[in-house]
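The data below hold one chain only, encoded as structure tokens and taken in the form predicted on its own.
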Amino acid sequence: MRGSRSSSPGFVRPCQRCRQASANTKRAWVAGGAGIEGQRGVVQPRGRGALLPAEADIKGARDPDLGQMRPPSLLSLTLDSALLRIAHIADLSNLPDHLVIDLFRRTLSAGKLTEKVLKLFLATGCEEIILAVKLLNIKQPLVPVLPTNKEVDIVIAALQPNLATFFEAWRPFFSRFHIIVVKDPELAEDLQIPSGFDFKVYTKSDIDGLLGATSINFSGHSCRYFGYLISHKKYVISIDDNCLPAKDAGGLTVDAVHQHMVNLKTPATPFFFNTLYDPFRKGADFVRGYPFSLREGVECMLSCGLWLHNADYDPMTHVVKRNQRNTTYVDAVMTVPLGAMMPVSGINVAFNRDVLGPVMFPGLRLRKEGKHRWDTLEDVFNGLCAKVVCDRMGYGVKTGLPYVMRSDAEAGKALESLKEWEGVKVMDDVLPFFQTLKLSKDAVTVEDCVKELASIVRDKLGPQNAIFTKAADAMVEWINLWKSHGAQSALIWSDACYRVSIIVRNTCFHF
């Protein structure tokens, strides 16, 4: 069997046989059957071979010979009693499949299928229950797995020598993970890092020794990208060295690592905006009118956290609002809609390195870029590229939680950057470009997307400003560096692998 690719990016239309089987099974479930239609009297389920009594035999029916109603069977009464107490039952795994299936049908009809009850039925492992949940697009409860040190690297760009306060504040959350500290190549002083952490410091000599001659400038905030390159883990979390753990509205310290991983490990919903924000968070769900065909969501590849206290403003806004601080903690996560652009900040970010690594590059550098965030646009430009690639590949991007507390030690120095900051003009050129950008159908991998994007940036933006030509060159060089140094632990997504991933995502398997 083979599926055909539809016009929508990132989706494969199931074959005719799969669509017909799915439709027949769904009709059977909606009509009250167990997924397989049989003759009057019994239905043979696909589970452990148990016979499913027909509805007439369970609930009681009119006897054609006597012309009167038969009383309900003891089994039917028992199931009715179980339905009344379904929220208090701890285990159904000892019941035969046909009874579990019938009880599940009754639970659906009675409107008693809560998240707890759904977990109860799924725990039985009954194939018909699992099939029904999938076909009826019932949202399964997701319990994100706590991140482990085998899948997460913390990357810190060291722009200041004394990191003792930073590390001590993050000790409860960072100590069980490997930490990659990349020292700004222009920082002369030795780093001060307390003991008790699993970390490795990379300096200018390490960068030069590993990469050799490269046109990519890894100084300033861009040094963190070297950490992205040499990491060997599936996920990377990066937080600026002037940020400390924040407290939520209830006064509890926020575990930014855990929240980033929750964002990345639960689906995103970029194709239709949910007005209750992230429907996969506890206490939220899809609102009325949200298409059931889209409720499964897609993989989230980029998690963009926020900050309290010193907001991430440009120099002009910093000067005008030099005393203003962000004190509002908004307890929300949302998926950025398909086609919507956003200014991604590198202050507090996490991503799936195995998939998105080739597009997490230091491309754009302003002519007089400094060491302050408001001096740079490398993270904003990189985020725009990553969003375009995620849209093309059918992945999601989330923003909102987690928050960090950002220091204001340098907030009053923005005036010195005001007169020469070219970021305003750059963004006026960049935003319309990305809003209208369409990658071709030939871009079927993340690397393909970056290569094509670099070519378009060079052709369309290069003539307007030389920094875009340099950015395009850096994008191409980054792909080469990724192939030689960064991809040894990442998934190399060939065209065949891309097709398989899409097929799995749409639960239609073709061999």
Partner chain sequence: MASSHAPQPLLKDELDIVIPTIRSLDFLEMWRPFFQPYHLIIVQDGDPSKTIRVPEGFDYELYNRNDINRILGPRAACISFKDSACRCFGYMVSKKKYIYTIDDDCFVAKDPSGKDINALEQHIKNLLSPSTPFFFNTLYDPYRDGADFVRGYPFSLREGVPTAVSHGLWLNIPDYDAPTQLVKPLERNNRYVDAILTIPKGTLFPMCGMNLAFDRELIGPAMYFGLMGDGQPIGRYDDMWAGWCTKVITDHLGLGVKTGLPYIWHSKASNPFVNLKKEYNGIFWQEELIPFFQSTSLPKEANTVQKCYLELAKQVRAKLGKVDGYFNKLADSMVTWIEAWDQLNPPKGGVATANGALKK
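Please read these numbers as outputs of a predicted model, since none were measured by experiment. Positions refer to the first chain, counted from 1.
As for the form predicted in complex with its partner chain, it is not shown, yet the points below apply to it.
Ok, I193, I216, L306, A158: which has a heavy atom sitting within 4.5 Å of its partner chain in the model of the complex? In short, L306.
State the residue from M316, V201, A169, L122 whose non-hydrogen atoms include one within 4.5 Å of its partner chain in the model of the complex. Answer to the contact question: M316.
Candidate spot A82, L92 and I138, all three in 4.5 Å heavy atom range of its partner chain in the model of the complex? Per the other structure, none of A82, L92 and I138 touch its partner chain.
Non-hydrogen atom contact G227 with its partner chain in the model of the complex at 4.5 angstroms: Although its partner chain is absent here, G227 would stay clear of it in the model of the complex, with no heavy atoms inside 4.5 Å.
Contact of T148 with its partner chain in the model of the complex (heavy atom, 4.5 Å): No.
Please tell me whether any heavy atom belonging to A284 falls inside 4.5 Å of a heavy atom of its partner chain, as the geometry stands in the model of the complex. Yes, contact at 4.5 Å.
Is there a non-hydrogen atom of Q435 within 4.5 angstroms of a non-hydrogen atom of its partner chain in the model of the complex? Q435 belongs to the contact set for its partner chain.
Region of this chain that lies against its partner chain in the model of the complex, out of 111 to 119, 373 to 381, 356 to 364, 74 to 82 [heavy atom, 4.5 Å]: After filtering at 4.5 Å, what remains is 373 to 381.
Let me know which residues along 314 to 332 have a heavy atom within 4.5 Å of its partner chain in the model of the complex, or say none if there are none. The stretch 314 to 332, when checked against its partner chain in the model of the complex, contributes D314, M316, T317, K321, Q324, R325, N326, T328, Y329, V330, D331, A332 at the 4.5 Å heavy-atom cut-off.
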